[in-house]
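Taking the form predicted on its own, here's one chain by itself in structure tokens.
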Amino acid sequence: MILVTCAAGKTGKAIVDALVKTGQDVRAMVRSDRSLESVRAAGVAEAITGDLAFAEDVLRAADGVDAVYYIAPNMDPNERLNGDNIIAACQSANVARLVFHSVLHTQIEALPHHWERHFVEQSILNSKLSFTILQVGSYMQNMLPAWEKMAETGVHRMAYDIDAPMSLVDLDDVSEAAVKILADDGFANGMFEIAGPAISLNQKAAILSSVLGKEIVAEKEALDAFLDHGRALGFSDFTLATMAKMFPYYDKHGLVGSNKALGWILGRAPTDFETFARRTVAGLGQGS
């Protein structure tokens, strides 16, 4: 049995689906009752509710499992507490393997949500557990909610500089890698960058123009406008403050890792953005 936390989110759904398709028994942990039906529909063996900030919930979730695939809530002020609870539960339950779905370059103090995970990683290293840490880049799929608007308006807009390089990764590749890593003890006690080829908004726009058969231009969304939109969507003050630091950092530095480890794990080249774009267009019936 493999416990997957935050199983109803974007990452969790992808990991759960990939594990279930390979015949793994999955215990899906979600935060609220309203998420139970969606994970049950994915074919999990068990679906439970719990809060990672509550040690008792995490102990109950980890009881009797062979491995834990730990996905943490994004931009959560309880990052270290959540991590401590996971580690303690794995120790208490004698879990054979802990895989932490972390984030690329946790050494960057200017990115609070990365930096806080650096402390969780350190605690895992010191835990005496058999672990694997995956430092995962931003997903190509993050643009999908705005895809239709992009195709209609001809503008691909994000809240960072249009020439900033980003090592975007296909979430399908991440899920495939996760399945391989959980199945192979040879990945134990290792830390791996899970990133795709670096690409800028300008480069993405050129590819999208070719794939869609119409001109797509890259445009940086003003940070204040982005934060106002997030506020209207109900983002927490903590999340908004984190994003207010994140995008100016991306403007200056981007976020670039190596795609070599992912290619080695997959046994093939990681998916590039053009392949992702063509797959998306085919699925939506768009393009020239």
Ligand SMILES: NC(=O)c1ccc[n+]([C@@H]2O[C@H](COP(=O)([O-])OP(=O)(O)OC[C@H]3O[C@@H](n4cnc5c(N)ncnc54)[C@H](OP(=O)(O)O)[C@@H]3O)[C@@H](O)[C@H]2O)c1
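These numbers were taken from a predicted model, which means no experiment stands behind them. Residue indices: 1-based, along the sequence shown.
There is another form of this protein, the form predicted together with the ligand, and it is not shown here; the text below is about that form.
Proximity to the ligand in the model of the complex holds for all of 8, 72 and 101, with the criterion being a heavy atom within 4.5 Å.
Look at 157-165, 137-145, 178-186, 203-211: in the model of the complex, residues with non-hydrogen atoms within 4.5 angstroms of the ligand sit in 137-145. This chain lacks the partner; the member of 31, 220, 253, 40 within 4.5 angstroms of the ligand in the model of the complex by a non-hydrogen atom is 31. Comment: the ligand is not present in this chain, but in the model of the complex one of 66, 46, 51, 63 has a heavy atom within 4.5 Å of it, namely 51. In the model of the complex, at least one heavy atom of residue 117 sits within 4.5 Å of the ligand. Using a 4.5 Å cutoff between non-hydrogen atoms, residue 35 counts as a contact of the ligand in the model of the complex.
Under a 4.5 angstroms non-hydrogen atom cutoff, the ligand in the model of the complex has residue 76 among its neighbouring residues.
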